Each structure stands twice: as C-alpha cells, then as structure tokens.
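Coming up is one lone chain in structure tokens, specifically the form predicted alone.
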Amino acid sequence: MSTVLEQIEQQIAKLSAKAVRKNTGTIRTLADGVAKIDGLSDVMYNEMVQFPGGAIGIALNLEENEVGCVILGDVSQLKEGDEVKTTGKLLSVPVGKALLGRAVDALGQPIDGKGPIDAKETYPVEKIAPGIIERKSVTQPLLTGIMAIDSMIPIGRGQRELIIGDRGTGKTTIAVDTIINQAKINKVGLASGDPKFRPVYSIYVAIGQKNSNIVRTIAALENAGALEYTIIVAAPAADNAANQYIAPYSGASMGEWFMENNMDSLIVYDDLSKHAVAYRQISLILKRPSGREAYPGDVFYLHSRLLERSARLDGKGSLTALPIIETLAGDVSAYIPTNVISITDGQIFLETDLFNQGIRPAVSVGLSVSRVGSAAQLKATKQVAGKLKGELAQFRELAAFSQFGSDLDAKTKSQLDRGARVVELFKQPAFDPISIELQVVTLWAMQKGYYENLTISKVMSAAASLRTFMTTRHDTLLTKIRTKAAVDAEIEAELKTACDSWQSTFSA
C-alpha cells in the first residue's frame, strides 16, 4: 500500500501548473509568403495550419524553437503577433470526376467562375508512391496522335516521358496534342460500346505561366472538345511560390484517384523547371542550406517523389506523366534537366534548329528515347515503322556530312532522298493529332513507295490527301485496322487497292 502512495506522491510532485501552448501559436516573423511561428509544439510536417482571415499554411520547417510555414493564399491581411492554429489534417485536395472540365487552383478550389465543385472525396497532396510489387509492366500504348512520336518514341500507359527543349520549341503543343488525342480516342471508344475500352482522363498542371498562356491552352482544349475529359490545375506566375510548389502534387493526387479506381489517366506538368525555381525560393526564405545553382539539397527528391507516383498498378488503373523541362541554349547537362532525365523512362528532345527550319514537331531522333519502347507499341505500327528511327538518325548524320561533298554515290543519294521524304511526312500542324489507323495507312504508303515519284515539297500535302481519301471512302478499312491493331494479308490487299485508287486521283 505504501509503495502505491509513494508513486501517487511522485506523480503529484511532477505536476506543473504552468500553461503550455500546444496547438496554437503566434506569428513571430512574416516575409515573402513565409511565416515563422512560435508555440506550435505538436504540429506535424506538411500539416495544414489555420491563419486568421481563412489563409492556410503548410508546416515545412519543424525547428527546436519555431515552425516555418509557407502560406497559401492572401498574405496581405496577416501581421506579426497574429494567432495561428493547427488543424490536425494533412494538406488535401478534392478528387473525382466532378473536377473534369473545370479549372482549379493548387488547393482544388474552382477559379473558372462555373460555381462550386461537388467532389465527394479528398486525397492528401503528398502520398507515398506505389511499391514494386503493386506495379505492373507497361504494355498498353498511350497514343499521342503525333506520328513522329507514336512510330519512333512510343509512350505506354503508366510511363513517365520527359518533354525537353528550349523555350518556344513546341513542348506545350506536344502535351496539348496528346490530351486532345485522348479525348478523340475516348469519344470513338465510348461510342463503339466496347466493354473492354478504357478512356484516358487528363490533368494539365500549369506552373508559373502567364495567365494569358493558360487561357490560350484552355481555349485550344475547349475548341477541340477535350475539356470535358480534362482537369486544369493552374498556379500562374502571379501566384505565390507556395502555390506553384504545391500544384503538381495536387494534380498527381487527382490523377491517382483515377488510377486507384480502375481508370487510366494522363498528367502533364508544365513545367518542372519553374517548379524547381519556386521550391528554391521557398527553401532560401526558410533558411535551408543551398547547394548547386542555389537549389536546396533535396531538389532531386522534390521531383522524384512526384514522378514516382505515376505507375500502372496490378488490377487497377494507370497514371502516365509527361513532365516538361525548359533548357537554356540546348544544355541538357544542366542540374534540373539531368535530375529529371534520370527519374523518367525516356525523353522527347525538341531541337531549336529543327524548329527554325520549319520541321515541326521539332523532335530530335538522335537524342529522344523511350525506355519502354516497342513493348507499348501496337503491332500495326511496328510493322510499318520498325526501321524508321534508325533510318532517320542515319539520314541526319548523312545530311550533315554531305554538306561538305558535292559528288555523292547513288546509294547515298537515295538514302538522302528517302530521309528527306520521311522528315517531310512527319511534319504536322499544331492541335491536329492523327488517329493511329490513319498513321498506319500513311506510313504503309511510305513503305510501299507511293510518295517516291513526288517532289519532296509535295509529300506532306499528298499524305494529307491520302488521309482525307481514306476517311471519306474507306472508313470500314480504317475500323478494321483499329480493331485488329495489325496489318495482315487481307488488310494489306485492301490497303493496296485503296492506295492505288487514291494515286490515280491525286495530282501533285
């Protein structure tokens, strides 16, 4: 009995009557959208913190005597000495199909003036990526509608393919074309009533762009009828750095909802160079030590934990990522480009010189690669485009070499002629993706020499004429190619008949 009493006395002696502030604190300093807060002793990393006036902050620096918070939203009403409360929740965003066709900010709040979003679920912004056991190998194609990419640098559902190049080389155009193509495929697939068809829903994350550029992209998607299958997450240049830092993770959470619910989704991060700059700004204000090019030491982890969330899950859906990186004067060996290249499963490199020569999309065949490759390519495309990448890379080498010599042998001349025709064939206007069956027809005609007798400048218009001819007169053949996804003897015979009749009507 005496021992019990002694224990009770010891506990009473330890009691302190001093009031301890645990879940409330006060702003000690406030600068550049970052607050240093005193007194939040029980706060969690990445927890939402409630500021006066409805502003929300995220606890990023948990130090011994204070907490460093980045503030999302309006900072102008806040001042030093204001009281701050913890919420007990990690930062979350609304997810689900209710967001399709809408433009939202980094926190999932509507910014398009179309009223509130009726989302039933929320997902945490930061989430651990799926493990190796849950993942499945990438074997299903994600068609971009861009002939040069679908035939030579194929992308699969669940892949992460980097789009990299200098400013103004058409990186966003490739991403927007891909989103438009998904909408076209969705409409055809859903109309066919095929129970095995899986639509692809898209998320476009705009980071640090001008508002006018974001509006232009939304207008392009709306005009193409793709907005109903797309979520726009916007953190424009006018937003504070915290919103630009959070936006890609919010977009990834929205995409993960589709993946977890047996659907396929595509996410475009436009672009991660500006994302890294926003994170550098936050880190320097939070007094985190800076490393190479003043970026903090965890800038690789910043992008790897984002891109690792893209996967194809066993028994569920997939999330495909198209991150965009802007290079300076084509320097692929800079810090951020090398980081993201090492995280992704391949890259589409856009060359300024090709763009200026009028070769658009300006895809560099030598530097572009898909590490999933033909595993995610349709058999029909493999049959008609199997050797094209090697041929085109060889042509570029020969073209550079032949500038210095005038008398070339017949074999070199024919190689140069064929290469120039392929380059011409791959030219494609913006926001006009080509369906895979029409790509197969165009490349099959190339393979069989239907453009050989034309002057090189006429190849592009001839290919467009052939596609129009096939769409208007041979729709059943196109449906056969789409459903079989291979060119067998029967389809080959029909293709020959169709191309012969087109050739007799086409006048260059």
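None of the values given here were measured: they were computed from a predicted structure. Residue indices: 1-based, along the sequence shown.
Same protein, other form: the form predicted together with a small molecule, not shown, and the subject of what follows.
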| item | value |
| --- | --- |
| Candidate stretches 79-87, 302-310, 423-431, 391-399 - the one whose heavy atoms come within 4.5 Å of the small molecule in the model of the complex | 423-431 |
| Of Q159, T144, S202, T169, the one that lies within 4.5 Å of the small molecule in the model of the complex (heavy atoms) | T169 |
| Interface residue in the model of the complex among Y335, Y123, Y295, F355, criterion: non-hydrogen atom within 4.5 angstroms of the small molecule | F355 |
| Contact test in the model of the complex: T173 vs the small molecule, heavy atoms, 4.5 Å | yes |
| Residue contact check: E326 to the small molecule in the model of the complex, 4.5 Å heavy atom | yes |
| 4.5 angstroms heavy atom contact with the small molecule in the model of the complex for G317 | no |
| Interface membership of P361, the small molecule in the model of the complex, 4.5 Å heavy atom rule | yes |
